[in-house]
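Below you will find one chain, with nothing else, as structure tokens; this is the form predicted on its own, and questions on how it binds or moves follow later.
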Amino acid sequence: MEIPYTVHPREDTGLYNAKLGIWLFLASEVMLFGALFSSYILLRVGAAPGAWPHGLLNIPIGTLNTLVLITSSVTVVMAWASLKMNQLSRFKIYQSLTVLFALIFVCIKSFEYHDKFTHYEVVLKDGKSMTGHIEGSPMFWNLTKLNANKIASITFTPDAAHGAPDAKSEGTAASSAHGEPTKIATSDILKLECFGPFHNTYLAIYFTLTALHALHVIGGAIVIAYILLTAGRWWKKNPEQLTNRVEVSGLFWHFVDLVWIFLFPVLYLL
């Protein structure tokens, strides 16, 4: 039995089935991300004056990722236009570029995540606090882990905005220069925590929003790659239906890009 309205539009909506379905799906996605954006706004407005973190994200890298996604939106449109002009080979080139840009975006985002998981705030028992990196770039270390593994000290490189503490060390003098590595005794540490989603409210909403968005990027890239790999067969069987599939996947991809265009200024710039 052949499913109707896969190519020709329905009389009641003027849309073919897949296009109607994707618009309904995107409506649910708007509600999902809308709820999360609303939560972010309420959390930020409710924060004490001056308490909301700033400068925790890498703006140049975020800008690069924005350009990558915007470019991928262009290649998606060009892929669909190529099919409209009966140019299957050009379609494959543009759609391959779209998948490549998706992989680049995810790789850059994973680099950002790794930096956060290896970036620490250390609070000493004398009240001093600073942020920086531990030698070897370990992930998810805390004071409990240091004690459990009987690690007597850590070599900590503070961010340039912080001075190195006058911490006690095992035969090694602590450096007082900004950004210079210093050995800190575990016994002097009151708190050690990386910049993961558990660190503060801002990072919790950051990881929630960006991880959900990254899952959408991965899902969309998988669908686009599947259509690309099966395009030859569908082009011979039903080229109009293939073109419709590319259009529908492109609509989802444009939504994913649009979400990031909102995420970037809200999380990185404001």
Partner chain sequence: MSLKAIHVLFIVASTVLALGFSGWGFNNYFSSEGAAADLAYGIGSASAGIGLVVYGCYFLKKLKNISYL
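Residue numbers count along the first chain shown, from 1. Not measured: the values here are computed from a predicted model.
Beyond what is shown, the protein has a form predicted in complex with its partner chain; the following relates to that form.
- Although the partner is absent here, Tyr120 sits far enough away that none of its heavy atoms falls within 4.5 Å of its partner chain in the predicted bound form.
- None of the heavy atoms of Ile218 is located within 4.5 Å of its partner chain in the predicted bound form.
- Heavy atoms of Ile59 reach within 4.5 Å of its partner chain in the predicted bound form, making it an interface residue.
- For Leu143, no non-hydrogen atom is located within 4.5 Å of its partner chain in the predicted bound form, even though that partner is not displayed.
- Just one of Trp80, Phe101, Phe156, Phe195 comes within 4.5 Å of its partner chain in the predicted bound form, counting any heavy atom, and that one is Trp80.
- Only one of Ile70, Ala204, Ala225, Leu36 comes within 4.5 Å of its partner chain in the predicted bound form through a heavy atom, and that residue is Ile70.
- Taken together, the three residues Leu88, Ser96 and Glu240 all stay farther than 4.5 Å from its partner chain in the predicted bound form, as judged by their closest heavy atom.
- Figure note: of the listed segments 104-112, 70-78, 121-129, 135-143, the one touching its partner chain in the predicted bound form, with heavy atoms no more than 4.5 Å away, is 70-78.
- Of all the residues from 96-113, none has a non-hydrogen atom no more than 4.5 Å from its partner chain in the predicted bound form.
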